[in-house]
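Here's a solo chain for you in structure tokens, the form predicted alone.
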């Protein structure tokens, strides 16, 4: 569907064309003075510079050509040559009706769908997720949903960190602590058979406890580090004992990760990890050498990615270390090759901390040199940090890293408290109340994040963002539930929606806000910026709240009642669509 901004841009562009000027001068935007007009065009100012004329005179000629347009109630000139456009009530009503009748709530799809892969989440095997994983998960999930909604074919990949030296450290730590497991591993590595049932006793809590100790020993004790490297080499060679124990690490971690991700409303199409490309690395290194891209450098092998004109110096991609092992960047390059072979995406979006920007720039350049990707096909969508009220990265009261599961439960507990304070959900069954509290908690967490442009850092204030007042996720849920309650009451009374008519200022504002959905979606899509959708959801909720206060619905006379009920239904549908794109589910009642 074409929004009003697009329709008016075409009309104003045609008026400029009638004067022998380019149609792109006719682009209109929402008016920055909504008390004077609905939309405005500033094209006369740019046109006047091109042809050396007075901008107000030029604007007047454009306005004259628009005067007969039946959709426009007025066309006025302001300031040095701004063209202010106000729609008729009938034109607004027609657009609102089209949105109400549209299953997509007025949202268009892209003209040329693409295959898109979104890399987000980035959890590590053997470690429970912490609060640092929150932004990647929330932003990546929203971008995946947004691109899918716009019509692209999209896959979301969690991209496990499940290979390398850290796994060697853990295998050594687990076998040191449990002689029975060590015995089984040795037997399997020697080519024998053994019952691996004791492996099932290894929990994520064990791995979480052992890894910091093992990492510290690896830094302090050369022999311990060398043994871990030897185990890592054995794992990469698929020695049965190491490999089967590692599989237990991976499985027990994925169960916990799926639980935490699901609690956040985050789901993946692919659960691939670094281990999935291990077999590609040696052939890839040979191919890079055959293409003349690999250079020897102090015993290591590198790919130089610096370009003439670079404003800052970028290091080369370290492909093979001086010790002969593949590096982190090597795995990332092999992952690009694997995705090309399996899905052949036209766009890959990496939703990863902004501090990794240089790393991805190096890897992406190497991929282009190798012919694994085209320029601009790989995009790092970075983000800032989530900070506590002290302005520092969010931590526990003791100063440690806060586990994501603990963060979710902390927010859920605050949601329960807020519901009780507001007198909401008190008459509901306990299980339904818990479900609502979970949705309120997720809404609080996600909207707190997604209302900000992803590149900025923000302060997470638990008390503020769990409130049912102000610019918060719970406020948006409350507005959605209010509309649902209204529609249920109307159905009970046998009242049905009817043709939309616009007469009151609050109705106009609501109709214009509904129309702005497409603009918000387009901005979010083009800039990888879900905050545009979050902002629209908030503005829509505000517009409905004003409409609800100013325009009685069920008490109005029949034709007006039916029209306003239809506006309420259109608002709910669009609000729920916007919230779903943010990964926020709405309860039916509170």
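The shown structure was predicted, so the numbers you read here are calculated from the model rather than taken from an experiment. Positions refer to the first chain, counted from 1.
What follows is about the form predicted in complex with the RNA, which we do not show.
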query	finding
Proximity to the RNA in the predicted complex (heavy atom, within 4.5 Å), stretch among 186-194, 277-285, 242-250, 290-298	290-298
Every residue of 307, 521 and 581 near the RNA in the predicted complex, heavy atom within 4.5 Å	no
The RNA: the contacting residue among 315, 429, 113, 505 in the predicted complex [heavy atom, 4.5 Å]	315
The RNA: the contacting residue among 462, 94, 263, 302 in the predicted complex [heavy atom, 4.5 Å]	302
4.5 Å heavy atom contact, residue 478 to the RNA in the predicted complex	yes
Partner proximity in the predicted complex: residue 453 to the RNA, non-hydrogen atom cutoff 4.5 Å	yes
Any non-hydrogen atom of residue 489 within 4.5 angstroms of the RNA in the predicted complex	yes
Contact label in the predicted complex: residue 551 to the RNA, heavy atom within 4.5 Å	yes
Residues from 457-487 in contact with the RNA (non-hydrogen atom within 4.5 Å) in the predicted complex	457, 458, 459, 464, 468, 469, 470, 471, 475, 478, 479, 481, 482, 485, 486
